Each structure stands twice: as structure tokens, then as C-alpha cells.
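Take a look at this single chain in C-alpha cells; it is the form predicted alone.
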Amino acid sequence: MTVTRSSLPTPDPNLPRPNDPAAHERLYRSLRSRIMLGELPPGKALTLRGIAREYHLSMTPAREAVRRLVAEGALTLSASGRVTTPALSDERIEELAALRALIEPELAARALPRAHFALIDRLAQMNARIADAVERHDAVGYIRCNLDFHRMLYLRAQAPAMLAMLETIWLQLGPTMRALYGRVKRNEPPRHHRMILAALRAGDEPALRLAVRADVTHGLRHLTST
């Protein structure tokens, strides 16, 4: 029997192809987002087989996505080959928070000259969405909106290398931030966000730096509490 191209079944375009580079990129970005938003708890073990099965892909794109995430510090790889989300020590949390306290005020200050009133209004709307997430006790929604609030401002800094470095820090802190949300009883959005908005409206760079740094260090006190 001769098999012609027309006699072969037509692949479903909605299913990812095992060796499709775009499928690998989507897998990497999906896992990266889940880790940054705290959808995976600290110390959670992952397997290549489990990842491939969940995303209906072969082992090759799963292995490549994990390799990239290990390089970014989003996943840890033990000597035995065990892959887990990071479970950070207090010392590591303090180190990452200190980096945030250095980078984020600088990004905010660089963004200030380009922070027009329309941007400030969008930031205020984002802060309202944070309040909604708090009211719904939506931990992932809270983390997502909080990061979007900061990212929206920092994009105006036009400092892509600095922002990329910061996102790597957020990525490593993601699972721990989710664990923190479960311990801290929030009933309102971060109060330092109101200070950030006020400093932006006033064009006050020292106050903006102070508000952003306070926002970061306030979280540090909760993260390292026992």
C-alpha cells in the first residue's frame, strides 16, 4: 500500500507539536509566570515527565524549559537531579530584598520624568484592582496586580537591563511571596502604594525613592519573621 501525503491524518493545529520551538517558548513562559506569581509553593518537586504530560509535550521542550529556569534561579537542581521550586533561607530573602531596595527606587526615579498623569491614573486603577484581590482573598491575583503596578511604572524608566535583573529577583521570590500571603492577614492594598502615587503626582523624587524603598523593606520584615 502506498501512503501519500493526502492520506495522512491532518494534525490538529490547536495541539502543541513536540519539537515546535514556539511550543517550548510557551512552556517556558507559562512555567516562569506560574513560579513568579506563586502558583507553585516553595520546595515543590517537579519532574520532566510530569511537566511534559501536563503540557502535552515531549521531554525535550520540558528539559529545555527547566534548564532555562534553573539558570534564572526560578528552579533549583540538586546533585541527584531533583528539580524543585526555591525554598529560600532568611539570609537569601534578605539578599534579594536588599537588591530590590537598590534597584527599584532607581528605576522609579528614572521613570519619574516620563510619569505623565495618564500613567498615574492607570497606576491608581491597578491599585484598586489590588484592593479587589485583597477583598476576594485572591493570593495569585494580588501578587499579579502588585507586580503589574511596579512593572507599569518601571517600564517608563527605559532601563531594560535593570528591569530584566529585577524580574529575575521577583522570579526567585515568587513562591516565597505566596507563602507569605498565607501568613499575613491583609485587608487593604499596600499603603506605600498611596505614597508612591502621591510622590509621582508631586514630581518629588526623594519622596518617591523613599516610598518605593519602604514598600520593599516592609515586605522583608514579614518574609523573615518566624
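Only a predicted model underlies this, so the values are computations on that prediction, with no experimental measurement involved. Throughout, we count residues from 1 along the sequence that is shown.
There is also a form predicted together with a further copy of the same chain; it is not shown, and the following applies to it.
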property	result
Residue stretch of 132 to 140, 104 to 112, 117 to 125, 145 to 153 approaching a further copy of the same chain in the predicted complex, non-hydrogen atom distance within 4.5 Å	104 to 112
Site check Leu99, Ala159 and Ile169: each within 4.5 Å of a further copy of the same chain in the predicted complex by heavy atom	yes
Proximity to a further copy of the same chain in the predicted complex, single hit among Lys44, Arg201, Arg67, Arg34 (heavy atom within 4.5 Å)	Arg67
Position in contact with a further copy of the same chain when the complex is considered in the predicted complex, options His56, Arg26, Arg194, Arg63, heavy atoms within 4.5 Å	Arg63
Exercise: Asp90 in contact with a further copy of the same chain in the predicted complex, heavy atom 4.5 Å	no
In the predicted complex, Ala179 touching a further copy of the same chain (heavy atom, 4.5 Å)	no
